[in-house]
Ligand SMILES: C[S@@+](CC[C@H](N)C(=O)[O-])C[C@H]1O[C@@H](n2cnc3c(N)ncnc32)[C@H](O)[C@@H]1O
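Below you will find one chain, with nothing else, as structure tokens; this is the form predicted alone, and questions on how it binds or moves follow later.
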């Protein structure tokens, strides 16, 4: 459950309000009048802690609902399978695993307070406050198993690449890992460099709670669901996630948004961004300004990962050359970058794995630059509740789409056929009937997929 935040003595002097940047007084920002809590003894330092708690509680509800639907789908398929045989074994095994996984995650994430969630699920889905599974608690879920079960080769290769990028003899006192994910690289770096403090920051409660527990010497058992299972048994494997040894004192976990890190300026002498800058969803120049502000004079920034700006504005989808060219303007030295092919998510239970060309470099802070505003870039009317919302073209288009969706769903009465619905659309002058039929089929199929159900053929 959420309790008042009591940060460790090594961390407390560095903490600032993620919303305004003011030094925290205990667990509170006096300027914003916000009290920041802890979640499972991890500081919960989101700019709006209550709103983000409701958001993650909703994501947990969404994930547990998904597991229940998947278990039901496996059992429904049993009716179409002859008694005995491997297929029946697989379906029964996977259904039981989804049920058990839901129980385990509900227990692990009990501090989110799911039992206090009174918001209507359908309303949250409609408003988009429960994100798809690809952006929710289970995003990058396989990393938990890679980090703490079967990924020794990958973990060692990642650590080696980071260490090789550092200048010889580097002994940082305070390290920040932005976007620490499942936590293994932060754990390994802390054990190797032995700083006074290593902060592993991530915004995903599942990762932070699991990593803190495992790094503290308490194993955890969760299921792995491989992408391409090798055998029937590999479809759902109960894995024991554990650390080599409890982490030395000074490894601390923080739940926060990497776009609003809750720290005072110049708090760290080493900042590591593993697999982050191309997935954070904000322009790299803005990220560089923020990293610069977190570093003390002559501090080091190590970037490790790929550069895959798949969904970015084309002007901001930087190549490695463009990124390195931009560093001096952001107050950093221009380093040499190393590239190496490393295994990525190569589970022994899956036939699916890949090699990634991973880029690692270390840039030194040479001068201060202006820090960017905290948090993600948002228009003023969205930041403030007292300004009118402009009637943007995107909103008008969405309104039309919503009216069409509502019209289609209202036509479903258990008697009308797709052809009947297409004729009604033609009568409303929305679309010719011959074009409406395939469009309606696609709409209904998407509605099934979104609900977690899949049609049987």
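This one's a predicted model, so the numbers in the text were calculated from it and none came from an experiment. Numbering follows the first chain given and starts at 1.
The same protein also has a form predicted together with this ligand, omitted here; what follows describes it.
Under a 4.5 angstroms non-hydrogen atom cutoff, this ligand in the model of the complex lacks residue 87 among its neighbouring residues.
Though the partner is left out of this view, residue 101 does not reach within 4.5 Å of this ligand in the model of the complex, counting heavy atoms only. The shortest heavy atom separation between residue 226 and this ligand in the model of the complex exceeds 4.5 Å. Proximity of residue 363 to this ligand in the model of the complex falls outside the 4.5 Å heavy atom cutoff. Screening 258, 161, 175, 241 for any heavy atom within 4.5 Å of this ligand in the model of the complex leaves a single hit, 258. Just one of 251, 276, 327, 222 comes within 4.5 Å of this ligand in the model of the complex, counting any heavy atom, and that one is 276. The stretch among 69-77, 330-338, 355-363, 201-209 whose residues place heavy atoms within 4.5 Å of this ligand in the model of the complex is 201-209. Every residue in the set 143, 146 and 180 has a non-hydrogen atom no more than 4.5 Å from this ligand in the model of the complex.
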